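Only one chain is given next, in structure tokens, and it is the form predicted alone.
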């Protein structure tokens, strides 16, 4: 995959949206198994895959529930599991926790880090939250407003687990905030 031109959709690239994008007529189990089943995998392989990712995201008790029966955080965990079940090597996440309450958002950040550590998955995570970017990322790319250009590319050398109250974390937060807001007052070229 790496170094090859992208010519169209591919199960190795997954997308997690802010609005969950689940199939409302499918159960949690069927939403997660949709990709593997569509690729023609044997039923036993689909079931094994679904069971693995339902357990990974902690939704075993809700495997037969439908999206309207789930909280926002649960829906987002289903969306993440669906991408992972499809053998994604890279996941693009567009403000996936933006619509969630603060406690659910923090819990899902921790769960995403756990999934990342267990799978080695590459995640490109779009967020407007400086704190979320620093908490989750190994590298933060700050973009300018439209047309979007890279303002700065910032590797984070902060050890894990990260403490949002630490001096080091907040030093980085101040630097990132200054970079993010550096374009204010500049005229577009």
Partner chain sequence: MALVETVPPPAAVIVEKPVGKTPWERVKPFVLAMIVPALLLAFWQVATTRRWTRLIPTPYEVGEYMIDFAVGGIYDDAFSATLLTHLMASMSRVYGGFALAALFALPLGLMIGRIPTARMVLDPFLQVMRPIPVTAWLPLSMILFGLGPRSAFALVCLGAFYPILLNTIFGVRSVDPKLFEAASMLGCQGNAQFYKVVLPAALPSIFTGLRLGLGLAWFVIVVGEMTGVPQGLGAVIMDGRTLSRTELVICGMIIIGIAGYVSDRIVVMIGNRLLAWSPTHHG
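Residue numbers count along the first chain shown, from 1. The model shown is predicted, which means the values in this text are computed figures rather than measured ones.
We do not show the form predicted in complex with its partner chain, though everything after this point is about it.
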{"item": "Proximity of residue 179 to its partner chain in the predicted complex, heavy atoms at 4.5 Å", "value": "no"}
{"item": "In the predicted complex, residue 68 touching its partner chain (heavy atom, 4.5 Å)", "value": "yes"}
{"item": "Residue 172, heavy atom within 4.5 angstroms of its partner chain in the predicted complex", "value": "no"}
{"item": "Close approach of residue 74 to its partner chain in the predicted complex, 4.5 Å, heavy atom", "value": "yes"}
{"item": "Single option in 37, 63, 143, 158 placed near its partner chain in the predicted complex, where near means a heavy atom within 4.5 Å", "value": "37"}
{"item": "Per-stretch contact check against its partner chain in the predicted complex, the hit in 23-31, 119-127, 150-158, 41-49 (non-hydrogen atom, 4.5 angstroms)", "value": "23-31"}
